[in-house]
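Below you'll find only one chain, the form predicted alone, shown as structure tokens.
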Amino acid sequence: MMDARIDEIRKQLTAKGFKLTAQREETVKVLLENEDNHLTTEEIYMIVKNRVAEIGIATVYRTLELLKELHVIEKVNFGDGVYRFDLRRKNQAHFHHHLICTECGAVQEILEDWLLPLENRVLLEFGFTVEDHRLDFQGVCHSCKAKHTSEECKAVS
């Protein structure tokens, strides 16, 4: 599975005149291996550095920016002031959505595109063609809500 995704990314780079160098490939592998973790640049760098000792953080920054420009990844901020990177899913016209817990910081992905009816309405009413969108829901996750409910029950009894 990972090899297929790497080949797909290699083709995207090649189509735009870039090569998938060994350093870029290691960076891509780290992103693929940590797809659900939304790593920061520094976290990605530290993992890649353990594998390729001679790589510099500037190379990782440039690789991430290139992958962002090619829409392989998205740069996201979940309200904590830290930019993280998220792979775009194959065969998805739009970036996926997120549920972000304001209590514990947990992030859950919504892979379905719930906004297509809204995009059609925007096209009909405004003549505006949506090329991409991003939606983040902020609130309290099930675990934190259950913890609060449990604490409230203890306080009452």
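Numbers for residues come from their place in the sequence shown, where the first is 1. Just so it is clear, the structure is predicted and the values come from calculations on it, not from any experiment.
A second form of this protein, the form predicted together with the DNA, is not displayed here; the remarks below concern that form.
With the partner removed from view, the residue among 142, 148, 134, 19 that has a non-hydrogen atom within 4.5 Å of the DNA in the model of the complex turns out to be 19. Checking 32, 106, 130, 55 for any heavy atom within 4.5 Å of the DNA in the model of the complex turns up a single hit: 55. Contact annotation for residue 121: none of its heavy atoms lies within 4.5 Å of the DNA in the model of the complex.
Among heavy atoms of residue 61, some come within 4.5 Å of the DNA in the model of the complex. Within 4.5 Å of any heavy atom of the DNA in the model of the complex lies no heavy atom of residue 12. Taking the partner from the other structure, the DNA in the model of the complex has no heavy atom within 4.5 Å of any heavy atom of residue 37.
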